[in-house]
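For this one, two forms of the same chain are given in structure tokens, first as structure 1 and then as structure 2.
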Structure 1
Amino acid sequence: MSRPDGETQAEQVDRAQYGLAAVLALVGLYTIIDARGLNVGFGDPIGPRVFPYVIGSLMVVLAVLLAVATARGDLPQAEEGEDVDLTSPPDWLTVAKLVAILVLNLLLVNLLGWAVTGGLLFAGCAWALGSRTLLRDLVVGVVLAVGSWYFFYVGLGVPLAPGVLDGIL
């Protein structure tokens, strides 16, 4: 609850928040424009437009308010957690590695099958997060992936795509 920020002087401005405000405003405008393309049928006094209009407008108003608040020195309180250390600057490299691995997984999962990409996903993420026991992570990942494949297949009756292991699993 109490968040000891080193800088209590409200002089600094969180520039990224302007970016957020801009994105929100665009989303709001897009919502309104998208709703304009909808047809309102006969005997339907309200139609599908009103609700998006309200939400889109609300979004635009909030975006403006956020921009104003930012200019006045309003700072966000980033979320804390057990393993979160907000005193150090964000480690973008790790995040980029993780996102790359997640993208790779979604591109390959239908081709290679979950039992393969799942294992790589686990080992890759552990590596990106700083684990140096690659071999052990790979073993754990493969066990998790193959195990979850069988769990879904046998336990829940949901056959996940087998991919290249078709016929082996």
Structure 2
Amino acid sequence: MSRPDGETQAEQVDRAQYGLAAVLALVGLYTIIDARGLNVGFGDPIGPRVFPYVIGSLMVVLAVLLAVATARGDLPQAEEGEDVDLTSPPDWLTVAKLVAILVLNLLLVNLLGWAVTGGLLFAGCAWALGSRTLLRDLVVGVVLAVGSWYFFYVGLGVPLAPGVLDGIL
């Protein structure tokens, strides 16, 4: 199929989408395979394996759909939102701040526990993305971290690291 500007449809295939589909499929398969190693409690009808199976399966399905869409010639459309300047370069300082906060969270989560590091993670990411209300960000982060800690521990039976709050939570 030719277009008025002389490009054929085969020339417009975005090969990066195939790469993204491959990475998505690999991560989905890894999630499914890795979930097989989770311990299932006796008499627990759902267990901790269900969510990784669902998420991994959805990732594989999305990878297949992306590959099919790419093969059909679908191209992503650039966002034309009024608050996004597509001509400006990436803000690598913000990316570096977010990466540093994530690495710090990985290093401290076993020592301080999820409730503390989750709150710091949320507040740090909000700060890196431009928020200047540190106290509110910390309170929201702690509420979300403690809530997610109880959700995993009580609701799913998956213990997250309590850290310094062991015995308090």
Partner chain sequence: MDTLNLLLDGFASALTLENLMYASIGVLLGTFVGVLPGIGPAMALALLLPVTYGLDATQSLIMFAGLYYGGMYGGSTTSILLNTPGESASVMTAIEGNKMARKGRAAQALATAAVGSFIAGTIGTLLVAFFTPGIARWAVEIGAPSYFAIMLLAMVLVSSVLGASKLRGFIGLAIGLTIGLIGLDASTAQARLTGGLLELADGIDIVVVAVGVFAIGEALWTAAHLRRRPLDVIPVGQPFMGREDWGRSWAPWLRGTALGFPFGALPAGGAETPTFLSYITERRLARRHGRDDEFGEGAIEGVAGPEAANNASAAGMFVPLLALGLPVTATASILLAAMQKYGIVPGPTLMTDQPELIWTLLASLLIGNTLLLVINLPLAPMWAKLLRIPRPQLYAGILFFACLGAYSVGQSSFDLAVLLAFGGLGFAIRRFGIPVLPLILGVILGPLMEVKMREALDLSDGEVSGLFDEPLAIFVYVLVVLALVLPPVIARARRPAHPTHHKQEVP
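By rigid core we mean the largest C-alpha set that fits within 1.5 Å across both forms. Keep in mind that what you see is a predicted model, and the values were worked out from it rather than measured. Throughout, residue numbering runs from 1 along the sequence of structure 1.
Between the two chains shown, which is the form predicted in complex with its partner chain? Pick structure 1; the other is not the form predicted in complex with its partner chain.
Large Cα shift (2 Å or above) at L24 between structure 1 and structure 2, core-fitted: Moves: yes, 2 Å or greater.
On a core-based superposition, does G118 travel 2 Å or more at its Cα between structure 1 and structure 2? Superposed on the core, G118 moves its C-alpha less than 2 Å between structure 1 and structure 2.
Taking the rigid core as the superposition reference, indicate whether the CA of A71 shifts 2 angstroms or more between structure 1 and structure 2. Passes the 2 Å threshold, so yes.
Once the core is aligned, what is the C-alpha displacement of Y53 between structure 1 and structure 2? Give it in Å to one decimal. With the cores aligned, its C-alpha sits 29.6 Å away.
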